[in-house]
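The chain that follows stands alone, in the form predicted alone, written as structure tokens.
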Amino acid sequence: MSYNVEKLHAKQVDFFLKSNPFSIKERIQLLQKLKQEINSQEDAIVEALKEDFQKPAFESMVTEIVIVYKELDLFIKNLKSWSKPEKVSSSLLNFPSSDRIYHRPYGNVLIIAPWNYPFQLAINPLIAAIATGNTVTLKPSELTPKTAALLEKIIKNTFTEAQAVVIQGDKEVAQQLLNLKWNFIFFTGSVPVGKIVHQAAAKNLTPVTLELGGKNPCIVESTAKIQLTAKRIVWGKFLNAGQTCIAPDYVLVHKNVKPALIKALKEEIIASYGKNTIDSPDYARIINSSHFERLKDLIDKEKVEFGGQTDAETNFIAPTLIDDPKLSDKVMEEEIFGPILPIISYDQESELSEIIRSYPASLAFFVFTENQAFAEKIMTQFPFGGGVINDVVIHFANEKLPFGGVGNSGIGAYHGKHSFHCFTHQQSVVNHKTWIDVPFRYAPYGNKLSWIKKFKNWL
């Protein structure tokens, strides 16, 4: 399907300028309508994700649909109270006045969604953008065509084109969209593409949120409960076949517990997916042949401790453990974004810093330990987007926590009320009263300077 991108964009600009913005009641009704539409399409969403890359139904429900319902319910329940002007105390310099912060929509928002969680990572930012009074153009990933087509159907059944529209297409269409002037851009994807988006936004000084990625370290300290640690790492790493931006990218394990950890990881992989993972109904596939070949090229067969099996016909790569790779190995040079887990041993704590700081700030950070002092020290020692002690990935599920990166792993944060702030501009308004006019600030200043010096700490 071809789209007149400029015409659709102009329609949304015109709608926003005239509605400026549409009422809170209308927005809540739209969110309720969206929830009903998603509910009616639940089975179709699960099937689309399965067709796109064999995503298990359970994972689709938990990581895609349920999270969207949570976000919808949160906004439907709280939007009215969140949208009220926020009273703040006045400055004595402005006496008498009343001061408020208003939350205003940016206007026309472009959302570019990724392929790894193609439903949830498209709909969740859209929910917040619509709830806060913006109009939305959503560009889903062309790598998940079934889900993208369903997204278009859901949006079309819920909104007018002036409120929200889906534009399908490849990177050329994305570039065409980026050439237009937006009031806000929300992008989820890789670091290299994130830089392209940021450069395009900079031409118009457009604010952005960039949800990117990085090499997320997972430290296993000597006091960690090894079997439980292995179980949680296996779940978080091989969920979605490792195609998760906050999955552990590599493990740094104390040398004293490394053999036990590797043994436990093997046991947990088999317990989760069976001895022949290719036959498991609970294991996704790599998104396409290009990504399959890239990941296959990262596997050094001489260092494979477990797994390593591949099948090009179905884009299957088994859960794979790589033993003690060098930092110069391919698997350690870039974000893996697949079911390959390098395991590196360390002896002294200083070695952790050497390795972790050799990479840009990560999106996620994990540490397993029963030594709370060690955990707190590690968590404050390194920059990262979000972290977990004694588990992986789960910080994403708490809508009360801001989700986002730092430095190379992203700009800005969202989820829950943080999404409300993400898609609104905080507008400061001072209402200076007229029943009295304190003359102190006006010229001639005379001896007012001496008074300022005396009372400057009270102002």
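Numbers for residues come from their place in the sequence shown, where the first is 1. Keep in mind the model is a prediction, meaning the values are calculated, not measured.
Here the subject shifts to the form predicted in complex with a small molecule, a form of this protein not shown in this document.
Novice: Tell me which of 255-263, 83-91, 299-307, 332-340 has residues with heavy atoms within 4.5 angstroms of the small molecule in the model of the complex?
Specialist: Stretch with heavy atoms near the partner: 332-340.
Novice: Give a yes or no on whether every one of Asn116, Leu212 and Leu363 sits within 4.5 angstroms of the small molecule in the model of the complex by heavy atom.
Specialist: Yes: each residue has a heavy atom within 4.5 Å of the partner.
Novice: Of these, Val234, Ala174, Ala164, Ile378, which has a heavy atom no more than 4.5 Å from the small molecule in the model of the complex?
Specialist: Spelling it out, the residue with a heavy atom inside the cut-off is Ala174.
Novice: Using a 4.5 Å heavy atom cut-off, which residue among Leu239, Ile112, Ile269, Ile219 comes into contact with the small molecule in the model of the complex?
Specialist: Among Leu239, Ile112, Ile269, Ile219, a heavy atom within 4.5 Å of the small molecule in the model of the complex occurs only for Ile112.
Novice: Is Arg285 close enough to touch the small molecule in the model of the complex, meaning at least one heavy atom pair within 4.5 Å?
Specialist: No, Arg285 is distant from the partner.
Novice: Looking in the model of the complex, any heavy atom of Thr135 within 4.5 Å of the small molecule?
Specialist: Close contact is absent here: in the model of the complex, Thr135 is far from the small molecule, nothing within 4.5 Å, heavy atoms only.
Novice: Just to confirm, Phe187 within 4.5 Å of the small molecule in the model of the complex by heavy atoms?
Specialist: Output for Phe187 is yes: heavy atoms within 4.5 Å of the small molecule.
Novice: Report whether the minimum heavy atom distance between Cys245 and the small molecule in the model of the complex is within 4.5 Å.
Specialist: Yes - in the model of the complex, heavy atoms of Cys245 and the small molecule come within 4.5 Å of each other.
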